[in-house]
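The chain below stands alone and is given as structure tokens, in the form predicted on its own.
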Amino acid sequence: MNKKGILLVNLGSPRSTAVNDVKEYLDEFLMDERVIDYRWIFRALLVRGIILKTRPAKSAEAYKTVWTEEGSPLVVITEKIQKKLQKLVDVPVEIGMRYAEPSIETGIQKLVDQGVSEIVLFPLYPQYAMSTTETVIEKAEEVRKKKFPKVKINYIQPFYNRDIYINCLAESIKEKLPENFDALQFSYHGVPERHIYKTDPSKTCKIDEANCIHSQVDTHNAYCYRHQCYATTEAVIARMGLPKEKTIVSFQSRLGKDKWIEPYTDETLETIPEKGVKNLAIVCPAFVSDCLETLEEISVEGKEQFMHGGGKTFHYIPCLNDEDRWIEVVKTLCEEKLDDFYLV
């Protein structure tokens, strides 16, 4: 019987907060054609001719504010998930990052070195997007075909609406909610609108309330990131018993001048105080591990924007990170795919 293993894949992080390390990381990240989906020459001109001239120094300073003695929060938390999961399963578990080290290739190699020939690969993104789940799968297949042609890989699909995940997320948020709050904001990572259309196999997706918020999953939104974000939100607040009018959905981390999916988190944070939201709780369900985008962009910059707009209290709710209930969800989803190997 072929030996099986699990590879947990997250986004990645610079090796350190040194400007050169941040520049190297940003180059790999932003030159990914599924992140900035321009033709190579235009992508290179934008990234290497403009962005990497100034952004690494600024990003390095931001990373310094979240870096721990152990290292990058995202990598450290992913390692903790790996160690906890390893205690619950009887197959080897390794981690890989889409960008930087440990790479997906490094993770597969470690499993192969342990005799593994069938891998369950878990992209740690609840919702599907071409710049997250899709690029992980494409990179893993590229590595597999080039370096490990005899290895089989089963991919865990987006779990944004799975009951075990919704229950886990709802319980985690509910435990951390402050006693008094005017609204709970769900801030998801943003993507350019054109990414939504590119990932739609039916080519009929429309970015509007009817299609993204009130529709059921079907052929035109099965890969719609915006729809999946709203679906996660609605399922969580229903599980929490929270009135819909007490919740807000927005999208953060815009890059460049292209149209991204709306509403934007930064603009929302600046304007909601004048609409009566003075005490805010905010959570980032596109991430399962806290990282620069949650610990600095939301918890620090977002708080400043909200308070500047007239807010009184701002409460950031951490990601699931290495909570035991989340590890149980990871275990269940992995075991489902491990079982698939036995059915082939």
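Start at 1 and count along the sequence shown; that's the residue number. This is a predicted model, so every value here is computed, not measured.
There is another form of the same protein, the form predicted together with a small molecule; it is not shown, and what comes next is about it.
Asker: Counting only non-hydrogen atoms and a 4.5 Å threshold, tell me whether Tyr25, Ser131 and Leu255 all contact the small molecule in the predicted complex.
Answerer: Yes: each residue has a heavy atom within 4.5 Å of the partner.
Asker: Might Lys303 be said to contact the small molecule in the predicted complex, defining contact as any heavy atom within 4.5 Å?
Answerer: Judged by the heavy-atom cut-off of 4.5 Å, Lys303 is well away from the small molecule in the predicted complex.
Asker: Using a 4.5 angstroms cut-off on non-hydrogen atoms, would Ser299 count as touching the small molecule in the predicted complex?
Answerer: Ser299: no contact with the small molecule in the predicted complex.
Asker: Hey, in the predicted complex, is Ala281 touching the small molecule, heavy atoms inside 4.5 Å?
Answerer: No - in the predicted complex, heavy atoms of Ala281 and the small molecule never come within 4.5 Å of each other.
Asker: So in the predicted complex, does any heavy atom of Phe29 sit within 4.5 Å of the small molecule?
Answerer: Because a heavy atom of Phe29 falls inside 4.5 Å of the small molecule in the predicted complex, the answer is yes.
Asker: Can you tell me which of 273 to 281, 53 to 61, 312 to 320, 38 to 46 lies within 4.5 Å of the small molecule in the predicted complex, counting heavy atoms only?
Answerer: Among the candidates, contact is made by 53 to 61.
Asker: Here the chain is shown alone; which of Leu169, Val120, Leu111, Leu74 has a heavy atom within 4.5 Å of the small molecule in the predicted complex?
Answerer: Answer to the contact question: Leu74.
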